[in-house]
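Shown below, as structure tokens, is a lone chain in the form predicted alone; questions about how it binds or moves come after it.
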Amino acid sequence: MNKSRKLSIYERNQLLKYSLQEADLLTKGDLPVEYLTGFVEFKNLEFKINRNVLIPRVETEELVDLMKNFVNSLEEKISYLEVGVGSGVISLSFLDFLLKSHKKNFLVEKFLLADISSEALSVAKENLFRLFPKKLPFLVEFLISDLLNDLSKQKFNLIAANLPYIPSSLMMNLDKSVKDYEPNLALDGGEDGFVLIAELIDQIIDGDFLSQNGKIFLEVHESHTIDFLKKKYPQILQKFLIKEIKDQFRRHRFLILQKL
């Protein structure tokens, strides 16, 4: 038993919710409570998770809000893509918004969820069927793909991605509950943390995947500012107008890219 571990109020409440005892968690080292219960709440929805997927952070809910604001002003059918879908919390929370919105009858042309991990996509599929058991008004597609390598040529007006963004040198500094239990595949973003994100942006440019009025919504590391891009990835600034946004904790967290 991990006698040095002090459970938070949140952890205790999660254990009570799923009829578990404190000892059930304290005997698991630094295991996050979400992996013990198998569930996490995100945007007022209950998602199933396991150790094949990252535990979603509360900040990521703000990425969904940014996407919602964008489509509220969009005057065309929604053609949506998420790359690195994990458990599906971003896309399925966004889908929930589209289905429940009373302000606008959203027309969805495409809704595609891609991930390199078949295990992660299995979790996302299970969450889709759990949360939306009734027939949907449009098709939700899943694709196993290394970024966009396996994606046929098509255009999207909303591309979302919360790819691994932790610089490799900082991986050992993460809490044990993160580095010892969450999938490295979903955390390590390479030397500067932006390697996969930059590759995705290059693929979007080279494959012309983004429509003229479309936007790319990215969650990034706090070091990935516009000044960082100017120094290391100036070619991106030559192609996109970029807006940087802080999260609720006043940390730089999101980039929104639009074609120049």
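The first residue of the shown sequence is 1; numbering continues from there. These numbers come from a predicted model, not from an experiment.
There is another form of this protein, the form predicted together with a small molecule, and it is not shown here; the text below is about that form.
Contact residue in the predicted bound form, chosen from G193, G214, P32, P56 - any heavy atom within 4.5 Å of the small molecule: Answer to the contact question: P56.
Would you mind picking out the stretch of 171 to 179, 127 to 135, 69 to 77, 155 to 163 that comes within 4.5 angstroms of the small molecule in the predicted bound form, counting non-hydrogen atoms? Answer to the contact question: 155 to 163.
Any chance L113 has a heavy atom within 4.5 Å of the small molecule in the predicted bound form? Heavy-atom contact with the small molecule at 4.5 Å: absent for L113.
D96: touches the small molecule in the predicted bound form, heavy atom cutoff 4.5 angstroms: D96: no, not in contact with the small molecule in the predicted bound form.
May I ask you to check whether S145 falls inside a 4.5 Å heavy atom distance of the small molecule in the predicted bound form? Looking in the predicted bound form, residue contacts with the small molecule include S145, since a heavy atom lies within 4.5 Å.
Using a 4.5 Å heavy atom cut-off, state whether L81 contacts the small molecule in the predicted bound form. No, L81 is distant from the partner.
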